[in-house]
Each structure stands twice: as C-alpha cells, then as structure tokens.
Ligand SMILES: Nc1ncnc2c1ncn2[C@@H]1O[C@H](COP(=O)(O)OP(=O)(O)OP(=O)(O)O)[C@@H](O)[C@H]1O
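Read the single chain below, which is given as structure tokens and is the form predicted alone.
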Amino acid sequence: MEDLIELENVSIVREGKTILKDINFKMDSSENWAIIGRNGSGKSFLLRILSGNLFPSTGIVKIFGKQLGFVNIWDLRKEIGFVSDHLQREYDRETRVINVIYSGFFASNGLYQDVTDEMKEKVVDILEFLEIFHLRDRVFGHLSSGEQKKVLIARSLVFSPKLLIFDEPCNNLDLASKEDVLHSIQKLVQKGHNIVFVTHHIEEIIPQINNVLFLKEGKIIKSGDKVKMMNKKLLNNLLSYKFGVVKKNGWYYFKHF
C-alpha cells in the first residue's frame, strides 16, 4: 500500500475565524473516501488542502509522501485530478470541448498553447473511456450541466492522476445526469484511481467508497469504515436532522419518518 495523503494537526484561519481546526487524516492506496458535512462545515477548504491548492495556516500536509512547502507543487498537482463546481462556473464557456480537455495539460482556463500529437492521442482515449467522444466539437457553454461535468472529469485525467478529488460532483444535476456521472466515477475507481468524494447526499456515495469522514463546524467528529459510519445515530448528529438510513445493493439512502 502507498501513502497518498497525511494531514497532521492542520488548521485554517482566515481574518481571525477558524475554518478548519486540528485536522488529522490519513489515506492510503487501498482506500476511497467520502467526506460528508453540511454547507459551511469546511469541506471545500479541506479539499483544496488535499489537492495541494491551499496551504494550511498551521500543521503538516504530506501528499504522496511529500510535504507541502518542500516539493515542487506544480509537479505534485499533476498527480491529482480535481473536479469542482467552481471550475464549471468560471470556465470560458465559448471554448470547444476538445480544447477544454487539452487545457488540463496547461492548467489554464481556455487553450493558449500548442498541443502535441501525444496529447491528442491521450485525449481521444479519455473521450472514448468516458463515452463523450461525440461532444468533442461542441461548445462547452452549450452543454448540459451533466455533460459539462463529464468534460471536466475528462480534463482532470490528462496526466493519469493517482488521486481524483470530486467536490459535490452531482450538484444541480437531474436524476439521469447524476446517474451518468456516478457511473463514470465508478468506472474510474474500477480502473485503479483512488478518489475523495465530497457530498451531503448519502445516496451519491458509490459502493466502491470504503471509508467516510464526518466534518462539522471545521472539525472531524468521526471517521472510519463506511459500514460502521453510515448509521442513523451518527448521521442524525452530523446533519442535525432526523431520518432513517436504508442500505440496498451497496448504496445508502435516507428514509424520512
């Protein structure tokens, strides 16, 4: 097993406000994690740290055994694919889909550099794997939200990253689009990618996720094996809401009283 991520006593403070406090977390290559918490719990800040896009105010962050602050961060980020609502909202909407994906090689919003034949071959493989080859010449802003999400997943794969991080990937998707995106994420795990998946909807947690972390008011209140974590008492406490939990074929669902 390979160590992927280790956080030791990590905190984030902004303008005197503590957003994350004393976060301790470890992930290895046998694990896939879901991070669950209400809006404002600090989930997105935690993901930015895990992806190497944010340095903590205090604490130690190691990604693939390399400590932030003592490693070339740009090389490190190539090994992490990050898919977020923020990028989907901010990306240049007039860019063709194929160029959106090419831009992943350059970490740019839009394409402003020449693409090599090797890059072109890699992107064709990704398009075919995600079953979106037919979208390659469409304009990004003309796609549905679900199609845009799959294009951004494709963009995140250009360097064949070890780790994929998804920040609420099913947000604002209809049922059919949600199922399509979750199916793509399952295929990526089956292909060998490790994932961290943030959500507050337990029905989005794919069966391949084997560990869960509960984040509340910037603190980890509990983490560990998914089967032990996904119970009514713990989830009711986390989300401050009363409901039951039903498991079916490896998936979990809320059951309202």
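The numbering used is simple: start at 1 and walk along the sequence shown. Keep in mind that this is a model prediction, so the values were computed, not measured.
Keep in mind that the form predicted in complex with the ligand is not shown, yet the notes after this line are about it.
Listed residues H193, K66, K222, H200 were compared with the ligand in the model of the complex; H200 is the one with a heavy atom within 4.5 Å. Relative to the ligand in the model of the complex, residues E6, D28 and Q186 are all farther than 4.5 Å at every heavy atom. Although the partner is absent here, G52 is not a contact residue: none of its heavy atoms lies within 4.5 angstroms of the ligand in the model of the complex. In the model of the complex, no heavy atom of V245 sits within 4.5 Å of the ligand. Proximity of K226 to the ligand in the model of the complex: non-hydrogen atoms within 4.5 Å are absent; the residue sits far from the partner.
Of the heavy atoms in S44, some are within 4.5 Å of the ligand in the model of the complex. Partner proximity in the model of the complex, defined as non-hydrogen atoms within 4.5 angstroms of the ligand, places exactly one of 44 to 52, 227 to 235, 66 to 74, 203 to 211 at the interface: 44 to 52. Contacts between stretch 9 to 29 and the ligand, counted in the model of the complex as any heavy atom lying within 4.5 Å, involve R14, E15, K17, I19, listed in sequence order.
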